[in-house]
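Take a look at this single chain in C-alpha cells; it is the form predicted alone.
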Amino acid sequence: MKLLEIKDLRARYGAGEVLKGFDLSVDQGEIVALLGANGAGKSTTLRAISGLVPHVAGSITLDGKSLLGQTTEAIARLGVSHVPEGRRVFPGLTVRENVILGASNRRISGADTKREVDQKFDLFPDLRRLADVLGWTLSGGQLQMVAIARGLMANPRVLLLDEPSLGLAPLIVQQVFKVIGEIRKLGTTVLLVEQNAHMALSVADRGYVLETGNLLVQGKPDELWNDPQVRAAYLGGMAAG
C-alpha cells in the first residue's frame, strides 16, 4: 500500500528549477533510498515533502491526503518526521532534552514521554549514559544518534533521513544503519537520502537515482547494482560516502 506518493514533483528556489518533474512512492513498512550525486535534488525532495520549499508543483500525498500547502508543523502532525542533514542538535540542551523536543507536536504525558525516551535509548545505548550531557560536547556520531532519536519521538508514519552517514567514521556508519533497519522492524516507514550507496542499498527495499532534478532510474537494490551505467556513473561514485 502506497503511504507516501509523489507525482510530477517540481520545485524551485527563485528562478532556478531544482526538481524537474518525477514520480516516487514509498509503501507502508518500506525503506526507500534516494540516491544521486551532489546537487541532484535529493535533499530538496525531502524539504518539499516537509513543506520547507516555498515553490512546489505536482502532488505529494500521505495516505491519500495532500501535503501541498500545509505548514511544516501540520505535516509533522500528520506523521512526517524530518531528520535534516547536519543533525542540528541544540548545543545548550542535554541529550535527554534534545530527544524530548521531538515530541513537541504531540499531546503526551510526562510518564509516556519518559517511557518513549527510554525506548529510544534502547535503540541507541550510548545515549543512555550521555542523557545529561550537553549537546555541544558530543561527537558527530553521537549527534546523529540524538537527531534520529529526536525524529522518532514524533512517532512518525514516515521518517525522512537526510545523509545520516555524512562525516561519520565507518564503524559509526554501520551502527547508524543497523538502527535504521531496526526502525523499520518497529513499524516506521523510511525515506532515506544518502551518499553512501553501499550502505543505503544494504538496508533499502527499493531505490531511486536522481540526476539534476530528474529521475534517472528506479528499482530494487540488485537491479540498480546490475545496471552498468548507473553503477559506474552514480553508485560507484557514492560508495565511499
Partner chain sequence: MATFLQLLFTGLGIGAIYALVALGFVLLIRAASVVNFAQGQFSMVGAYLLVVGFNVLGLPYYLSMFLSVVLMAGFGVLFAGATYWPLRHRGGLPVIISTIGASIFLENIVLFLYGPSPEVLPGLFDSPGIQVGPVFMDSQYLSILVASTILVILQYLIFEKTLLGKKLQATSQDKEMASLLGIPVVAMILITFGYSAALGGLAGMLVAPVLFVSVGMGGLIALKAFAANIIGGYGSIPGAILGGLLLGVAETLGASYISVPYKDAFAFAMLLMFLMVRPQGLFGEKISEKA
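No experiment lies behind these values; they were computed from the predicted model shown. Positions refer to the first chain, counted from 1.
Note that the form predicted in complex with its partner chain isn't included here; everything after this is about it.
Arg88 is the sole member of Arg128, Arg88, Lys114, Arg157 with a non-hydrogen atom within 4.5 Å of its partner chain in the predicted bound form.
Comment: 45-53 is the region of 171-179, 25-33, 195-203, 45-53 lying near its partner chain in the predicted bound form, near meaning a non-hydrogen atom within 4.5 Å. With a 4.5 Å cutoff on heavy atoms, Asn105 counts as touching its partner chain in the predicted bound form.
Proximity of Pro84 to its partner chain in the predicted bound form: non-hydrogen atoms within 4.5 Å are present. The closest non-hydrogen atom of Asp132 lies beyond 4.5 Å of its partner chain in the predicted bound form. When its partner chain is considered in the predicted bound form, Glu73 lines it closely, a heavy atom lying within 4.5 Å. Within 4.5 angstroms of its partner chain in the predicted bound form, the stretch 25-40 places no non-hydrogen atom at all.
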